[in-house]
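Shown here is one chain on its own, the form predicted on its own, set out as structure tokens.
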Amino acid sequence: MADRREMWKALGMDVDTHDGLCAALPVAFGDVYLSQKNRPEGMAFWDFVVSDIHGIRPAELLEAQKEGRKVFGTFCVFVPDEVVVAANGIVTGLCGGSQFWVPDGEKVLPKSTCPLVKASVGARLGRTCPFFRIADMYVGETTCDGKKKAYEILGEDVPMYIMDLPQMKRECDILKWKDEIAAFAKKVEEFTGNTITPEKLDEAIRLINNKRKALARVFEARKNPDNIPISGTDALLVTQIAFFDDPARCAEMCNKLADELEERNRQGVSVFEKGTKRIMITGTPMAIPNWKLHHIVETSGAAVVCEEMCTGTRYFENLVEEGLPTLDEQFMALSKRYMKNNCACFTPNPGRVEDILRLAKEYHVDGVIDVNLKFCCLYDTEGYSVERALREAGIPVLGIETDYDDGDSEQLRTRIGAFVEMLG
């Protein structure tokens, strides 16, 4: 791996503290990922990315900034990447998925805040994540009370733009989100100095749609009821990296992986023994490097074949209509697509339950694990209706609450192991 210390120092990072993360990550990655058997060869790309995760992409972003391009850091799947790309900007994900960042977040946030929010704030204020240092502007959204207040803290340090997401899905709400996208486009034009034209936005829509299609192909291969060509742990990593990677490269590598997975299905090459129980995970998103639950499930006799969450199907399902001639029509098309995301922030939210039941059938799951990060009241509250609907449909479900700390790992392993045994 290249020596990135000078780059990190130039970004104002706390390099000595960051070294602790750099030392721990390879061990964790090795224990979770490299210990797997019969992995698809295509996963070598994502292994390479993780081996220099705070070096390769950050170096690319810094080179782009030298060329005058702006980097926008986002926290949620509702922010329309297409608008930024149409103005020659770059999008990078910012959510933190490690306990490493939580203590710095707790210096300014209550301990009873979701670990994802605390880790995201801690990654910035602790100066131990290059993506948080590089982004020229942060783009937030009103999906979560914890994040909304955290944006006020982050906004003291970095230019912050917040999109006001409607909390319902009426026609007037779709129109309101279209207006929010149009306002965001004006801000992006002002910040980048580049004009968004219908031609540029249509090109960006096609680019991001191609990334979605490629990710969908990877997930489509996981639907095979007789074969499991890739572990859920590996599939999760692919999705996590998609939030950071160049969209064209992401599509290219996902398509190559999908080619291999489809061939594996034809030849009956599986990463698990025949008869392994198929699990879908739903609930709060799993930002990188949060691999805990997948690893426990897949070392407890089961396989994860689908994720109904933002770091899963919600990220790539539904395409934006292409070929529209005006910005107003394109903004409406973007609004319609993004408002199909069934986040727990909406009320009422029957669409998420419908998605879970549909996906359970499509992926031929034997059981569902509904996971909630501690202090995420949205998904915790919605767990009642989700688990009730699954039980009524005759689908076994296990509700779990956890955080980033490994202190509950053995307890989770016991509960998940018992759940898997019950499926048998």
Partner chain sequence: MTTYYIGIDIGSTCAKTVVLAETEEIALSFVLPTGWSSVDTAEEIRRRLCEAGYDPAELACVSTGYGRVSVPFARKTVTEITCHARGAMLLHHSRDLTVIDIGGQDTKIIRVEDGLVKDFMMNDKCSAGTGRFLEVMANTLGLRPDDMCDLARQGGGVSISSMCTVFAESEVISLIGKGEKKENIAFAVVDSIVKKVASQANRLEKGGPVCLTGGLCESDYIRQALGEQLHTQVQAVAEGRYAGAVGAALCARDLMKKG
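Residue numbers count along the first chain shown, from 1. Owing to the predicted nature of the structure, the values given are computational and were not obtained by experimental measurement.
Omitted here: the form predicted together with the partner chain. The next part is about that form.
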Inset, instruction - May I ask whether 374, 414 and 422 all come within 4.5 angstroms of the partner chain in the model of the complex, judged by heavy atoms? - result: yes
Legend entry - Listed range touching the partner chain, judged in the model of the complex by heavy atoms within 4.5 Å, from 395-403, 352-360, 56-64, 365-373: 395-403
Legend entry - Non-hydrogen atom contact residue 391 with the partner chain in the model of the complex at 4.5 angstroms: yes
Inset, instruction - Could you confirm whether residue 14 comes within 4.5 Å of the partner chain in the model of the complex, counting heavy atoms only? - result: no
